[in-house]
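Listed next as structure tokens is one chain, alone, in the form predicted on its own.
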């Protein structure tokens, strides 16, 4: 299979990056070292190329209705510049993906002459034939953009909704600048006359000029630190990256993984997967991203689960013995019975101890509950802990 390449693939190679396949993309996994890059984000600032993430634009009179029926949160609550986290679920409530939905500035759309909309516009605006319609951008995980584009188009047509759905993944590069110094760094990189992006609150966004390119900059991230994610036109990627590469440490997907595990953030395809690890938002402990009052696909199944309760839920585990927990390792109780599986694990660079994420029966999820992780055939003592890990 031919791997998709981010726009800076050649530039990253010149910087001696090491690469890995992820979601069908050829992405940098580390530049200097995972440890150094992880520390830079926790202590100063790091910049990640996350151009493997998908971007789908949805615009039109029924764009809000379509997104509200295909994501679990209430898109209707968003104003232009707002963002929200949500899951994408199938009929049985199992997650296909998780995503961030951004409300873009409204779009002007032409209305065909002779239509009822056009006649209405003509009556009220001296013959104008355009309308203002809501527009959104949502970000599927790596390798999911084609699947989600197809899902949105199919449901739009099935439900006879009026909106455009555009897969713009390869129109945009995406960078994440994260860490305690990131707000000042990103603010100083905005072209003269642009907005002070430090005024953005968490989960809000705006357009701002960087290196002459009009970029969508959002106060979002996947590291647990303050910072921003920037979408810039594909052809402007090198110029925008250069604004940060000297003052922020270039980071790969390896550090991104250790950072998100420390925070207890889900990884699509690993901490949940519709076939290999089928989980609902409630089991994955993201019930906050579910608005049960909206009529989304999977809503009835989740409403029933909310009423009946869940049997397993997502937790953190800290190992007390030496060893590194990895994806797929068994978790056992004090009697040696398998009660769960590690979905993500690492040696925490910040804490200097082995940590893991996974699902356990709810009666074993109180912090301090003793469990074991089977590392290379040997049980290693551990305990359940709250996330973020401390």
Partner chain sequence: MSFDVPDDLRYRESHEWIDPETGRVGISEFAQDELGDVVFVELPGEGDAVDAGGEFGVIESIKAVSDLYAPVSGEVVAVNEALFDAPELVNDAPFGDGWMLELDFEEGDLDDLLSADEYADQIA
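Numbering follows the first chain given and starts at 1. In this text the structure is predicted, and so the values were computed from the model without any measurement.
Here the subject shifts to the form predicted together with the partner chain, a form of this protein not shown in this document.
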Is there a heavy atom of residue 381 lying 4.5 Å or less from a heavy atom of the partner chain in the predicted complex? no
Answer with yes or no whether residue 349 is in contact with the partner chain in the predicted complex, where contact means some heavy atom within 4.5 Å. yes
4.5 angstroms heavy atom contact with the partner chain in the predicted complex for residue 305: no
Whether residue 322 contacts the partner chain in the predicted complex should be assessed with a 4.5 Å heavy atom distance threshold; does it? yes
Can you check 31-39, 335-343, 45-53, 63-71 and let me know which stretch has heavy atoms within 4.5 Å of the partner chain in the predicted complex? 31-39
169, 280, 258, 249: which sits within 4.5 Å of the partner chain in the predicted complex by any heavy atom? 258
